Structures are given as structure tokens and as C-alpha cells.
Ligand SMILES: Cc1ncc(COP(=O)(O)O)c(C=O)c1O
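In the form predicted alone, a lone chain appears below as C-alpha cells.
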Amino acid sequence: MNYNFSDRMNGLQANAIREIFKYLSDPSMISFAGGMPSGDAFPVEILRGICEELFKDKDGIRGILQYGSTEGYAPLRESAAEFVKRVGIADARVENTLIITGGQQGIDLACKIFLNKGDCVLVEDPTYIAVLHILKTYEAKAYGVRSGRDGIDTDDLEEKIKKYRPKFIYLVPTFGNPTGKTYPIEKRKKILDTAVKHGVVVFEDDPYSHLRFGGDAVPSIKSLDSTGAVIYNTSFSKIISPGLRCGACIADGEIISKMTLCKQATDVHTPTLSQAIADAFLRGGFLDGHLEKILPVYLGKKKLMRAAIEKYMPADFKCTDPNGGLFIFGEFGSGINTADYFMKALKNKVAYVNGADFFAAGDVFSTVRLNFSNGSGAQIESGIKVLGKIFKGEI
């Protein structure tokens, strides 16, 4: 049968990272590809206790297992509004809080409410790979803004706002994916001032800021906003469990109302059981103790990867040294195309992500993203050793 698919499917390709996951079912594969937290970091016993308590309340659990409100489980909306105070958003209100099915749904809903075919969104180059994929599904255009050592170039941002008139600016300003960079406070203020000046919305994606193992905390861009220009998007995937598929979006009431309408048509509501678990985790005061346990582990893994890179990778490979998050991003001075080595790495049981996939134009081929959180110390050492040999031409 000949299927008459929509125009938006033309040229649409699978997310590069999702494609790599097909290879990761092999237990011998060392993966530096996904953005996965360590399985050892999941608070299994805490979550077991929470679930047992939830199911002890027979009347309460029946309500949790029933259909729920699209806006979210009321207790979690309250605890999420309290949670974002940790990044300086002191005035978050329940009515401005939407519970979403993972942080990625917040991006999708923002695209739904703002974008028409052919509209433009500005992103930092490089940026989170999924946002580029989502924008393509809405037949929108992503344009990259130059990035330096401390994040997005604000002069280039203003120039491209004037040139392209974007519907919104998408940023991951704290331990950004893929680079691990964090914007200083002065840059955040400049971004907000520029956006307000030109009447452009800022979508601030923040799944990583609580995974800080070095340096001083920086307030969110949303915490500086008094105009309603910023949508703040966060997730509990990296600090509790990605399997819960639970996050929160904080924005002006009109934006939240429109996102809620679109969410109704997408999945009705985020699974209430997941929401109840996340709420109990936050209200139970488990988060700080959990972070105190996992952050030294992540710091140790980052140090191991940096040391292995220094030891095994070609001398012209330069990479970031983040104070948090899950990723190291590197570039070869020789200008090699990392895609040319990708299948060879897979055959040698090591997976990474080509850096070009994170650029709006897909045209920076000498870069690579490496995830340090998921592998063991031994896997990090041996995996980087293999990559070093491959990139040096020894394999």
C-alpha cells in the first residue's frame, strides 16, 4: 500500500542518540553515548519505601491510580513550585506550574503553542540534540548562535534575533548538553535584557543544575525575569529516575494555559503514580542526602574520564572540564570527521555521539560528546583507551 504521509515527515530522520540505543542492548558495549545517569545512583530503597507507603493508603492509592488533572497532581505542583526556589525562582506559584511527562515534553509543548511552519528558533551551537529533532517535526528552522568558553555569544544572539525574528530562544545555560558549560550571571542578565528588548521568549531548559560537584551555583535566568519572558523547564529524570518520566514547567499563566490545552490532546496527564512518587521524594526531604551520595561519584567519574583522555587520546583533542552535569565535549584540532570512525568504534564495543549532530547546521564534524556518568571506572578507562587507538589510526 502507498501511504500518504504528511509533509512534515519529509527528510525527518531518527534522533541519532535513539538510534545508537539499538546497539546498547549488547552487555559488552561500553556506552559514552546516552545521557543516562548511573544505574547505581538510583535511590532504589527510598523509592521502594515511598511506594509501600503510597499503597498502604487504600483510599489514596485509588485516587492516584485514577485519571488525573492535566495540570498535574496537586501535591506535586505545590512541591515543584517549592523545588524551583533552589534555583532562585522565589515567586513560583502553583497556577504557573505544569507537570510534564519528562523535560522533553516541555520543549514539545512550547513548540506546539508558538511555532508555525517555517518559523525560526535560535539555539546555542552546539545544543541539545532532541530540540533539533523536535523542531524538524514542527517544520520549523533552527539557527545556531556562536558559543564561547562561558556559553552563548550575546552579541551574535542579538544580531541573529534581528536577522531571523525567532519565536523563541532555546538554551541549556547550566551544565549544558552537550558541552557542560555554565553561563555566568552577567551573561544571563544580558540574555534576558536582549530577549525582553526584542520581545522574544527564552526557553530555559534546566535538567542538570542540581548535579553540581564544583564551583558556585548561579541563579536561573527565570529567577531574574519580571516580565514573563522566560519559560523554565526542569526534570526529575537526572536526580531521581528517568523512568518516572516526570518534570515541571514554570511560566506565565497564559503560556501555561496554552501548554495545558496541548497536553490534553497529547497524553491527558503525566502518570499520577510517577507524580506521587516524585512528590513524596521531594516532601520527604530525601533529595539533599541523595545528591550528597551521588555527586562525589559523578565527580570521580569525570576525573577518571579526563585523566584517560589526557593519557590516551590524540594530543590535538581538546575538551571541556565541567563542574557538573553528565558530559564532556571535545574537538580535534586536526579537523577529522568523527563520523568516519563511528562504526569502527561500535565494532570495538565503544559508543559515542558525533558532535555534528548537536549543531543546528550539522556542519562541525571534528567534535564528539562523551557521557561519563553511566560507565564504571574500568569501562571509562578501557573505552577511552580504545577510542584513543581508533582516532590515532592504531585500530
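Numbering starts at 1 and follows the sequence shown. The model shown is predicted, which means the values in this text are computed figures rather than measured ones.
The following text describes the form predicted in complex with the named molecule, which does not appear among the structures shown.
- Exactly one listed residue, out of Leu192, Ile294, Ile107, Ala140, brings a non-hydrogen atom to within 4.5 Å of the named molecule in the predicted bound form: Ile107.
- In summary, among the residues Lys301, Lys238, His133, Lys167, the only one with a non-hydrogen atom within 4.5 Å of the named molecule in the predicted bound form is Lys238.
- Contact check for Tyr208: a heavy atom falls within 4.5 Å of the named molecule in the predicted bound form.
- Taking the partner from the other structure, the named molecule in the predicted bound form has a heavy atom within 4.5 Å of a heavy atom of Val172.
- The named molecule in the predicted bound form comes within 4.5 Å of no heavy atom belonging to Lys181.
- In the predicted bound form, the named molecule lies farther than 4.5 Å from every heavy atom of Gly151.
- Contact with the named molecule, judged by heavy atoms within 4.5 Å in the predicted bound form, is confined among 211-219, 194-202, 95-103, 282-290 to 95-103.
- Of all the residues from 245-261, the single one having a non-hydrogen atom no more than 4.5 Å from the named molecule in the predicted bound form is Arg245.
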